[in-house]
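First structure 1, then structure 2: two forms of the same chain, each alone, as structure tokens.
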Structure 1
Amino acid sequence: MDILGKRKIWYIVSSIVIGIGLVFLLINGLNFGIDFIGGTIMEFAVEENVGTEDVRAVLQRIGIAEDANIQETDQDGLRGIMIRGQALDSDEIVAVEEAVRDEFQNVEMLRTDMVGPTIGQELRINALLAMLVASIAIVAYISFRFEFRFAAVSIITLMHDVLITIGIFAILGREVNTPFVAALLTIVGYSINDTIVIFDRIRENMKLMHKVPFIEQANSAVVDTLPRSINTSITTLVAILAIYFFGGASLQTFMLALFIGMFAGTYSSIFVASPLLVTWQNRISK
């Protein structure tokens, strides 16, 4: 099986997916949730007959969060109403809860999240910082265990996976919150993990098959580790899908990000990382 010989095809595939994602990212941007931009979400379990307009009438009467976005929700068969608006003060939150309790019967407060604008800004900065520091630490470790070019290619590969995940979220317009940041960092870890297993085999082949050209050493490493790559990604993706479908609404965005990122990670470890090493090698030897 000649995977590395066709590397131009894989580069084109990746470029197209990343390109489309970037276009959407530039035009639509990401749909940032309250964790990033600040705001309040209050969710109540209510009886069947309570609609969004009834809740809006209550908010208008007390004059708090009148322009809030109000949606119906479903938490495992529990009917809910979600109010989503700007960051409210503690006394305003209590006022909303009391007004909703007074107006309707059998109301239960499911959750209330309030994030001030400073927290959101910090999250963005800390997320970028964590990503940067993690990348530097990983480059250092791989340079120490392998060679610098392996480290450089791993970083390109993980940027590839992160860009694809962010791009697809921009295309889908799915809301991103703190769990999305955790998902991205997990993808970073997984992407590296996956790439290193193949690099480890290339390193071994460079010793065992030192007479053949680098492209053949690399190609046989990719092909030999293919069963592992496929089995691991199947088991991981299946576990993620199980949580996506059975784990409830609160985990879905997180799992979707993980699914896209890990799929991209498996693809890139086979079709991007080792081909880039070969391209790097060819450029140097010219």
Structure 2
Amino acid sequence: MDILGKRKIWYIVSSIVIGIGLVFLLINGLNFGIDFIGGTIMEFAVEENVGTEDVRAVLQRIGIAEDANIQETDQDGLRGIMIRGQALDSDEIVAVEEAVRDEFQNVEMLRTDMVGPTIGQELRINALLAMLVASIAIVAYISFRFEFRFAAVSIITLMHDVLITIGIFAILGREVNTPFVAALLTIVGYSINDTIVIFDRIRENMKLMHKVPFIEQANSAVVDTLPRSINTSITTLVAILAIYFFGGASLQTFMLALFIGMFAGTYSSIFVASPLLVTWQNRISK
């Protein structure tokens, strides 16, 4: 299997996917949750005949949160309406709850969450800081265990996985919250583990096959570890899908990001990391 000989194809595939995601990111941006921008979120259990426009009409009538984001939810078979908007004080929250209860029958308040803008800004900074610290630690560790070029390629590969995950969330318009950041950090850890396994085999081949070109050493390492990478990823992705569909709405953002990132991580470990090493080596050899 000449996987690395077709590396330009893999580069093009990755570039197209990342490019489409970046276009949507620039046009639509990310749908940040109240974790990051601050605000109030209220969720009600309602009957089947209650729609989002019905709830919006109630909010417009009382003059509260008219520009709120209103969407339907479904958790454990319980249909609900979620209202997410600007920060409300306790009196306004009570007013919304009373107006919804008066308008519709059999309404039950499920939750009310409030996050101030200052806390949201702190969470954004902490999320970026966590990603930065993780990246620096990875570079230091891989540089110590292998070589700097392995570390540099690893960071590029991780950026590939993170950009694909963020891009797809921008395309889907899914909410980005703290579980999403936790998923990104999990993706970074999982992806680098898969990449290191291949890099370790490449390092062994550099000693055992030192008379053959580097591209053959790397290609042999990828082919040898391919069954392990695919089998491990399939079992992980199946477990993630099971939790996504049966674990409840509160876990769906985390599991969706994890599924996208794990899939991208498996692809990048096989089709991006080692090809980048070969390209790097070819540049050095010239």
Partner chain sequence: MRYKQKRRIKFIIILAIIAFSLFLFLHYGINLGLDLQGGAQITLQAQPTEDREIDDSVMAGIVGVIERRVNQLGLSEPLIQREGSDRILVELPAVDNPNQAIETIGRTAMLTFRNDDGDVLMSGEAVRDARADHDQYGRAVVSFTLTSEGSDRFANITREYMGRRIGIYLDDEQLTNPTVQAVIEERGQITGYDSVQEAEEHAILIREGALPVPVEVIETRTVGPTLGSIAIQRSIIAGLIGLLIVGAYMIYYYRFPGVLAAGVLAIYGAMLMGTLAGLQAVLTLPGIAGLILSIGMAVDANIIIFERIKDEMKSGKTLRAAVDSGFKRAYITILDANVTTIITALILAYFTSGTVRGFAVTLGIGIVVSMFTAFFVTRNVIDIFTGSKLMQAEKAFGVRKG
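As the structure is a computational prediction, the values presented were derived from the model and not from experiment. Reference numbering: structure 1, starting with residue 1. Whichever C-alpha set is largest while still superposing within 1.5 Å between the two forms counts as the rigid core.
Here the form predicted together with the partner chain appears as structure 1, and structure 2 shows the other form of the same chain.
Shown in the overlay between structures 1 and 2, fitted on the rigid core, is a CA shift at M159 smaller than 2 Å. Core-superposed comparison between structures 1 and 2: CA of A87 displaced by 2 Å or more. Taking the rigid core as fixed, one finds a CA shift for E47 of 2 Å or more between structures 1 and 2. On core superposition, A57 has its C-alpha offset by 8.4 angstrom between structures 1 and 2.
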